[in-house]
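Here you get one chain, nothing else, as structure tokens; it is the form predicted alone.
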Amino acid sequence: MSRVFEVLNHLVGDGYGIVGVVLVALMVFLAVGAPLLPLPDPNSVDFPRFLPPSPEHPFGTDNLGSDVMSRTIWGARVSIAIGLGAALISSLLGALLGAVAGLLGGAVDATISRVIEIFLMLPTFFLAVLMAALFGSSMANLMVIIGITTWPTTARIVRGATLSVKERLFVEASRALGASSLLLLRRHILPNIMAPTISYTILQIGRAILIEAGLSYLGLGDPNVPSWGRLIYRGQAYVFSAWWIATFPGLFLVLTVLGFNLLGDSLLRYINPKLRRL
């Protein structure tokens, strides 16, 4: 618990960190509380089209007659869910492969490193577009697709951290006492690389949300749920006559990604004293 309070004190004392916490908390509150808020059905098209922002429709209505505020807030639910799921898959896969590569070394390390390099050479977004077109674009599919196209960066970071940790005296002592590689991984490596992995996972959430919005903008998102990318696509043709259709979901997208990035960067500064002094 003392470590938790220490992290909270750091975030409160870090201007960027507290802004990130506030933005993330606000978006998570809207995402979780969307079903409880007094909002119209996000899929309803019963309202007049192209209504400007007003007390009845604070974000106006779109070209189909849907309430933009309702679709924007429900879009937060979709984007954050996909971002969390994709970042979790990416971090679990990347942390496991990176830790195994760093701990075992030799041929295992060389093989995993070559796979990481191949994935890093491929454009992540276009690979996600190809996979979404081939395997479908349900929410579950998008989580998996984004997760398995973004894991190499996590793997490279975890591999480097593992190489550093495994040279420490307590790991060498455990190895000398006959500890297996699995025991070293579970007892020493993973606990010591958990902090940077969690910090980078938070950064990955923002990246995953951006990728999902891009896929939805191209028509490769889940058509059964509201999406910020889909709303932005709807509004691009009316950016001068009905600016609110694209502006509000775009603003929510920017603030959400900014919040996760600021929070992740602040946690990285907490972990790395050198960054704290910059």
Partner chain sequence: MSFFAYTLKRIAYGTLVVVIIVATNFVIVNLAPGDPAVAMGGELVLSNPEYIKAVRERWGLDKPLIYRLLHYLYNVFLRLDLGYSYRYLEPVSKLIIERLPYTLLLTITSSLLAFALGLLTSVISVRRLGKTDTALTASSLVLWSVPVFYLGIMLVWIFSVNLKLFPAAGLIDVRNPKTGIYYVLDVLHHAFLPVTTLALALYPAYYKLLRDTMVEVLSEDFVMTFRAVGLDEGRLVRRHVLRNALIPAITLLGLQLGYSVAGAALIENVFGWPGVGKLLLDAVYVRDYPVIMGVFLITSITVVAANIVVDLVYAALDPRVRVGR
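Positions refer to the first chain, counted from 1. Since this is a predicted model, take the numbers as computed values, not measurements.
Heads up, the form predicted together with its partner chain isn't pictured, but that's what we're talking about next.
Contact annotation: its partner chain lies within 4.5 Å of heavy atoms from the stretch 206 to 214 in the predicted bound form, the single such stretch among 30 to 38, 61 to 69, 46 to 54, 206 to 214. Proximity of residue 258 to its partner chain in the predicted bound form falls within the 4.5 Å heavy atom cutoff.
In the predicted bound form, at least one heavy atom of residue 135 sits within 4.5 Å of a heavy atom of its partner chain. Using a 4.5 angstroms limit between non-hydrogen atoms, residue 16 touches its partner chain in the predicted bound form.
Contact check for residue 105: no non-hydrogen atom falls within 4.5 Å of its partner chain in the predicted bound form. Although its partner chain is omitted here, in the predicted bound form all of 218, 243 and 250 have a heavy atom within 4.5 Å of it.
Put simply, of 118, 183, 194, 140 only one has a heavy atom within 4.5 Å of its partner chain in the predicted bound form, and it is 118. Along 96 to 114, a non-hydrogen atom within 4.5 Å of its partner chain in the predicted bound form is carried only by 114.
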